[in-house]
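Two forms of a single protein chain come next, each set out by itself as structure tokens; they are called structure 1 and structure 2.
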Structure 1
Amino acid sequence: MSTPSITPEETTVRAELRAWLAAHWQVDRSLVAWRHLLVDSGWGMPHWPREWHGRGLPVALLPAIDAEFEAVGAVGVARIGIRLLAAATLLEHGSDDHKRRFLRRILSGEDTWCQLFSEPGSGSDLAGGTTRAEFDGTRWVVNGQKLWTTSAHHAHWGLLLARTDWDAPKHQGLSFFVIDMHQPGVEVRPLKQMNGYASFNEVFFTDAVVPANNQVANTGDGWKVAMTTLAHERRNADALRRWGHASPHAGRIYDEERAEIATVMEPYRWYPQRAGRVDLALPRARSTGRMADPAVRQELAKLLMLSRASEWLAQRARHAKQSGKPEGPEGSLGKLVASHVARAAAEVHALISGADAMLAGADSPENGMIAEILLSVPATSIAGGTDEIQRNIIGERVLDLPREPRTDAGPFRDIPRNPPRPRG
């Protein structure tokens, strides 16, 4: 296979970045101070517009730029958590005021974010949300509840989807806001999961306030804005795996990066188990002697083939992004395949370990890791849009199948819905 030729533009960009890093990279600089330098230079997000902390470079050059950072061990801008979803959403739909106020502090890591979409009665049916925002003439007043909100307990800001018009059809009655999570009227409660973690939260709003200038896009455009956020979330499903690892090097900037990752990545510690830990399947089959069982070998082979196909699909999505193609339904394809991989991995782990897979503690398989996998895998088919939702998207937008019949047309207030969950 021939090696892609290096373009003159890539040669120029790499030389310019190499010189800039040689002049500015210092391991004893503070992490925030370094990131502000990156923001000012445009090298932190070089594919962003020049007027918004970028250099206007093609996304196809990003791998080359990343390679120059890696060559000297330089730390990049803040990428982990919800923050880059917030940045992508504001870049596309936010006002110049939003971009001035929020983008720099997102990239520097000074602000953390959360995503306030799902509700007790509207998870898969996201457009059925009943958290309401009412305009009192000068500001929006928010009341309601959100659920399954990762990192809400330490977020500074939230991306809020709320209902502003009960007489419009449900998709048209939603608006999008940036809300201050540290104000009175915002109560965050952790949710204990069956795998023992408490990564998610429920958030209650009681007369919480959103200034008028924190509304994103026009009233009634919330669904369109939320779809931008979700498209980036699905397309970047492997970003945590790529960006959530601290450098082993010594120096102040690395120490501060490790502390940041330890805090921001804490809610995601169980995500490898949620994905099924395919990496453990083959070594365990060998170490336990179960490789001699033809049924185990058959299921293991199926798993490894499916996992490799999933990796290729993820690579295709990354290459599409790097070539500048718009966000599309391939994110739904990738997410659906990831669900199949996770379930297949859980079945293989159960087949290898037998009844011992139900044990937890020091004397259980892999120190309880196998039991944790079995308890965590079901989340993959739910979080970020259920498998059923992804199949609908693929059927309608990829296969061009007829849309499913709708029974929720007309004013939202007339649509039957689940009663709100009691607070207490």
Structure 2
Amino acid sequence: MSTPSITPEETTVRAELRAWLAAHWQVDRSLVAWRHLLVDSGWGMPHWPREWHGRGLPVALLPAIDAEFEAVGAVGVARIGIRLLAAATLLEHGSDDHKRRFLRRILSGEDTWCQLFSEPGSGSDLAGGTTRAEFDGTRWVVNGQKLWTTSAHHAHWGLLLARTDWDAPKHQGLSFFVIDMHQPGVEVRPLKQMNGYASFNEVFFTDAVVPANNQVANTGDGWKVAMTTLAHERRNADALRRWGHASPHAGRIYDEERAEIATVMEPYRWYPQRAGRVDLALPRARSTGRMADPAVRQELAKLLMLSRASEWLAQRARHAKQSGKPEGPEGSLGKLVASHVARAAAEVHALISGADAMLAGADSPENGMIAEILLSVPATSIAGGTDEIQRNIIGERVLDLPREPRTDAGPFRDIPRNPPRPRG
């Protein structure tokens, strides 16, 4: 819990940025125009390379830079949603042409993106996808289906993982593309969940077209590229929320930012409930009078202890990362413990609410929040990799246990797989 001392570099950078903001920041500018200035100056993504809209500064300076922005209330580049995963992926694997065509409009917020990885037949086994891309001599033709695609209904571009070789082993037969979502061969349908929300989409490809120059990396290298995207997704889960809060200030640029945030964050409205809303447990036990029940006290205590210990565990992981130590087991355990916390919280909420746990909507306690928790928590142990998969990862990568025998080696064509999902 020590405060790192301020380096001379930080002092210089802060001064430079402060002067730049004083000269350029105006609330009555349009959001897009302002962000183009950020892109041109490199202050929008200061840790990115100089040739690609950055200033090549160390990541460690980002908090200080953010603080300067906050001090004057300046809005940053577009940082929420899948677009930043797209940017990170293209920075690492894209050609100069990709970077030139896509990065600027990602940062300006003019383009939104979605991630087309999960399929009806391949979730845990992400590399088992069967959406196919075939080269017809001039361009790629895509057929198949994706599932769980957040924001597909308003995205301009998609990060697409598709099979290009059916005779290669499954990880080697995949390729990576940037697909234009606004074309006749792409159909997007909302997918309703058990909690009543429709935060995701099904995406159908029927002879959808990808120009040759929208392929990222080499044919057969798609899995490697997708792993980059997923690594950033895992790393930036917190950032998504952090930048998802609209500023309360008045002014044109803030209005435009608020509208952007509302659109991008809409699918995530129920995410706090899916994590179990531990914050509500104690106040509700008190306000309902259920705190007098020894059964409630026991379960509540278990929940609070579990939840707080899991936060400390996460902080240990962050601390290790910041001080450059090798990552311990804390990171992999974090995803699993989140499921335990969510499930325990749902049980505690049901225990506290009693008969009211049967009710929903306006009749449910906390204006529907309790019902939403009870019906959203099941997602936590599935989304982003199921608990069973997390346990396998912990067993094999953290505890170094022998791997289970593989039954999916050899040509992909020969591996047993699921029939296509009927198109409803």
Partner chain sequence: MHFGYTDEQEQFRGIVARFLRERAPVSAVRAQMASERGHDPALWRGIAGELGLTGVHVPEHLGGQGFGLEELCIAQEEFGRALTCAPFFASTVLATTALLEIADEAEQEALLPALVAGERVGTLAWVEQGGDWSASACAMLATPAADGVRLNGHKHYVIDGLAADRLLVVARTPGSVGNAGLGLYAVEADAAGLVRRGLETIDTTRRQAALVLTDCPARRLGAGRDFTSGFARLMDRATIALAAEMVGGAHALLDAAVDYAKLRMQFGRPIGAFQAIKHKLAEMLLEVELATAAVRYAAAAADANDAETSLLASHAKAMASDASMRAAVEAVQIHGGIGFTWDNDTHLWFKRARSSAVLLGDAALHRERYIALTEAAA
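None of these values were measured; they are calculated from a predicted model. For the two forms, the rigid core is made up of the largest set of C-alpha atoms that agree within 1.5 Å on superposition. Along the sequence of structure 1, residues get numbers from 1 upward.
The form predicted together with its partner chain is represented by structure 2; structure 1 is the other form.
In this overlay on the rigid core, residue 296 has a C-alpha that sits 2 Å or more away from its partner position between structure 1 and structure 2. With a cut-off of 2 Å and the rigid core superposed, residue 141 has a Cα displacement that falls short of the cut-off between structure 1 and structure 2.
Annotation: Cα of residue 337 displaced by at least 2 Å between structure 1 and structure 2, core superposition. Taking the core as the reference frame, the CA atom of residue 315 shifts 4.8 angstrom between structure 1 and structure 2. Once the rigid core is matched between structure 1 and structure 2, the CA atom of residue 401 is found 3.1 Å away.
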